[in-house]
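Shown below, as structure tokens, is a lone chain in the form predicted on its own; questions about how it binds or moves come after it.
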């Protein structure tokens, strides 16, 4: 039996996928409310295909509980935030989960950490806790790191098709874990050592963050001298060895906006390009807010209450608001004691998740003169005609209407 610890955006799909592919799985989470929802037949977030996968897993016998199970394999998928000041990973959730595992596990059990962690986290934080409790690593308990590689909005496809990395102290244990993931994963599964597995996951997201930062910085340079950044990128990308990304209103989610800071925290004197890139991405919502104010002055809009932000989630077509650029922008406003801009998101029409949020799209449009496209949901792609007559700031260069402003 596999006990999946943490039933959030990563743990739940993983548990459901394993169960629906013939493995005996029990999902554990500390939240009574979350476990009650799952046991009552409801999934806890929106994702294409998740309801069907949940039904398949339930038919296969998956169970949900707040209790850790006595078994021989655990998959830990709990949050790993970073300290805002030191930029180092906060491994407390992982350590707490491992402590609970040690209270019930069988001798020789395998603990697989799926949570994204900085290189050396298992050596610095997890091994000492296990050894201080009298367990001998490699005999009483085996450690493995198998970082997730999926993105909200395409989770289930990527769970099946993406390549995976398994980091283990011994090849034998790594192969055992690889076989579990191979029950559903059709991608290549590489077995390596733990520290390499830790580093590769962080480096993957850091690569993406740095490239996004370049596009965002390019947008600022072009805005400063009134050049069309999108036309420049379009032409540059005709070069066979150039692939510049598109700028945007900021970076959200729990991967690209967080993981690179782990390297900055651990290697502050070495990670200079990474540090500056993260600062660029983190200040992009401020740049957008300044652009909003500039356009308001040009258009004679004097009341910020007549400006609305479309999209609250961190990316399109999901209900995930972690590190959302829109929420970051609203937080900056609040810091300056300004009333928050109106906002709307089609994924939250029965739940308030932000200050000054409007739950109905028609009411949102009626209440504003200027719309800022923060997220390119499919919903807005089908409703451009309803924005005619509004002042529009398009942060993604997707609006087909005329006289649209860009970042």
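Here the structure is a predicted model, which is why all the values come from computation and not from measurement. Residue numbers count along the first chain shown, from 1.
Below, we refer to the form predicted together with a small molecule, which is not included among the displayed structures.
Residues placing heavy atoms within 4.5 Å of the small molecule in the predicted bound form fall in a single listed stretch, namely 111 to 119, out of 163 to 171, 111 to 119, 278 to 286, 219 to 227. Interface residue among 311, 152, 248, 252 relative to the small molecule in the predicted bound form, by the heavy atom within 4.5 Å criterion: 152. Residue 78 is the only one of 143, 78, 91, 307 with a heavy atom lying within 4.5 Å of the small molecule in the predicted bound form. Contact between residue 7 and the small molecule in the predicted bound form is found at the 4.5 Å heavy atom cutoff. The closest non-hydrogen atom of residue 97 lies within 4.5 Å of the small molecule in the predicted bound form. The small molecule in the predicted bound form is approached by residue 322, whose closest heavy atom lies within 4.5 angstroms of it.
The small molecule is not drawn, but in the predicted bound form it has a heavy atom within 4.5 Å of residue 31.
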